[in-house]
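Presented below, as structure tokens, is a lone chain in the form predicted alone.
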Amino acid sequence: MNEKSVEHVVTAPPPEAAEADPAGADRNPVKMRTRGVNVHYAEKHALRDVSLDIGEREVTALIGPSGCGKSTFLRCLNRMNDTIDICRVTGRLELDGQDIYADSVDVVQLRASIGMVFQKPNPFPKSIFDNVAYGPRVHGLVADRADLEQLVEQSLRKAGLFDEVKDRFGDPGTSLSGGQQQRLCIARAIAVGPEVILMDEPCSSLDPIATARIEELIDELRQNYTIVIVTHSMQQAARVSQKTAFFHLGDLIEQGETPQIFTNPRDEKTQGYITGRFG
């Protein structure tokens, strides 16, 4: 993987960056901040001048029609776009005030701090135990087997999966149901001690029961983690998030408190999407 494949240009934040967040002064402290973010895939301008604050220990939902740029933006937050040769990211993206695209940033460590759960569950071709243990081993987070076992158990408990698999640690991760596999992937992300968890439509391939369990889990996890979720389901965004950002054709149209976005949007495009006139 060529981490140098993305050209990143740090630009001065636009004047409005210093202004109060439009979502209001009562929001949680800012964990991640983006200012003037643009993304190009070769000649295609996929994301334009996105400035968004992501509050600590809350869920921010990214909504909008297919192809609007929400997943592209999500991948900017942990530099997953670095893996795409034709991708160019400009602007400023910060974690706790530090530029995550600075030359001094270790991308491997960054992705441990900003974990990701993908649309389709993707357990490793390993046992349930080794799926969760893989990250801590690679990053040298445990001193011995006892510490590793404790960390695996804690991670599975946080993901709401331990009681279902405690007698099956040696079974392949792929032997689990779809919903269990997704919770295993969440446990795998948690095991390396992230501060932020990115979720790209984590329930799109799950049945309603498994989806409800993931949504309950997201609400539990936000007590300890900052979460950003991309979802096509407006009902899901309304249920799980405290803040919502609406994207359309590569632009961030509106952002704010979730109840305000869904009941009293300021922009007519947001109103049209929420009411189903397009999307």
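Numbers follow the displayed sequence, beginning with 1. Keep in mind that what you see is a predicted model, and the values were worked out from it rather than measured.
In what follows, reference is made to the form predicted together with a small molecule, a form of this protein that is not presented.
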{"item": "The small molecule contact at Glu94 in the predicted bound form, heavy atom, 4.5 Å", "value": "no"}
{"item": "Cys68, heavy atom within 4.5 angstroms of the small molecule in the predicted bound form", "value": "yes"}
{"item": "Non-hydrogen atom contact Thr72 with the small molecule in the predicted bound form at 4.5 angstroms", "value": "yes"}
{"item": "Any non-hydrogen atom of Ile84 within 4.5 angstroms of the small molecule in the predicted bound form", "value": "yes"}
{"item": "Ile218, Val37, Ala46, Leu52 - the one with a heavy atom within 4.5 Å of the small molecule in the predicted bound form", "value": "Ala46"}
{"item": "The small molecule: the contacting residue among Arg57, Arg33, Arg239, His232 in the predicted bound form [heavy atom, 4.5 Å]", "value": "His232"}
{"item": "Proximity to the small molecule in the predicted bound form (heavy atom, within 4.5 Å), stretch among 84-92, 98-106, 171-179, 153-161", "value": "84-92"}
